[in-house]
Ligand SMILES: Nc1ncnc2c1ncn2[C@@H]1O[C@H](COP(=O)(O)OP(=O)(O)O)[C@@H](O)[C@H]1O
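We begin with a single chain expressed as structure tokens, specifically the form predicted on its own.
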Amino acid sequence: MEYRWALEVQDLWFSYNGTADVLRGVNLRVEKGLLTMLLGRSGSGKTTLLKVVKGLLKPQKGALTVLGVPFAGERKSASREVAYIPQNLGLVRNLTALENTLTGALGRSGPFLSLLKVFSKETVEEARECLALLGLEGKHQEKAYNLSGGERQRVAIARALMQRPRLILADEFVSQLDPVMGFEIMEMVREIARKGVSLLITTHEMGIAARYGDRAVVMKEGMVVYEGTPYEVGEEGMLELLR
């Protein structure tokens, strides 16, 4: 299916308790094959927006088009092509790097194989190649709890890639890393975007957004207050928008 926008959000409203709106008429677009950075202070609605896009939360109002498909209720088919990396990464501590990576392929292995967690040799080799491409060759059998923060981030990316996604949503997933490691991870993410995968990444770090974002979206109090390129406003301008 041909589409320009990997994600289109129109007048999206969401409330957890039916009284306080966390998302208030959100409008934004994520262009196919670009890296879009979603900035906002804690409580601005960034994480909630990602969960709505992934289908983990249902909005009270608004229109959502993901990978060219509008959604009113049924989300399963497109959700398989939308990978979500939560802030805590969601890795299973007692599984190896390879086993965690393979969980990304469960959705395309068929119900019987998924239930038994049995994977073909080809799928296992694909997972090994994903880890190797992300600099984790030789770490396949290392338990997740033994990996460094940066290594766990890479396993989370490898797991997402095993879904063969067309859109990746990532929530503050470099916020716990030192600047050098954060830059290394973002370089890898930018290479993924260059291969045609669309990415929407939340952050509160203006430097990361300015350096790596093709597009920037700034949220404040549940609303989008800026959508454009990071270069149009610069770091100081983004900081002013966040205040």
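Computed from a prediction, not measured in an experiment: that's the story for all the values here. Residue numbers run from 1 along the displayed sequence.
Missing here is the form predicted in complex with this ligand; even so, the following discussion is about that form.
> In the model of the complex, does each of 16, 43 and 47 have a heavy atom within 4.5 Å of this ligand?
So, yes: the whole triplet contacts this ligand.
> So in the model of the complex, is this ligand close enough to residue 9 to count as touching (4.5 Å, heavy atoms)?
It does not: once this ligand is placed as it appears in the model of the complex, residue 9 has no heavy atom within 4.5 Å of it.
> Look up in the model of the complex whether residue 22 has a non-hydrogen atom within 4.5 angstroms of this ligand, and give yes or no.
Because a heavy atom of residue 22 falls inside 4.5 Å of this ligand in the model of the complex, the answer is yes.
> Heavy atoms within 4.5 Å of this ligand in the model of the complex: which of the stretches 207-215, 174-182, 34-42, 59-67 has them?
Single hit among the candidates: 34-42.
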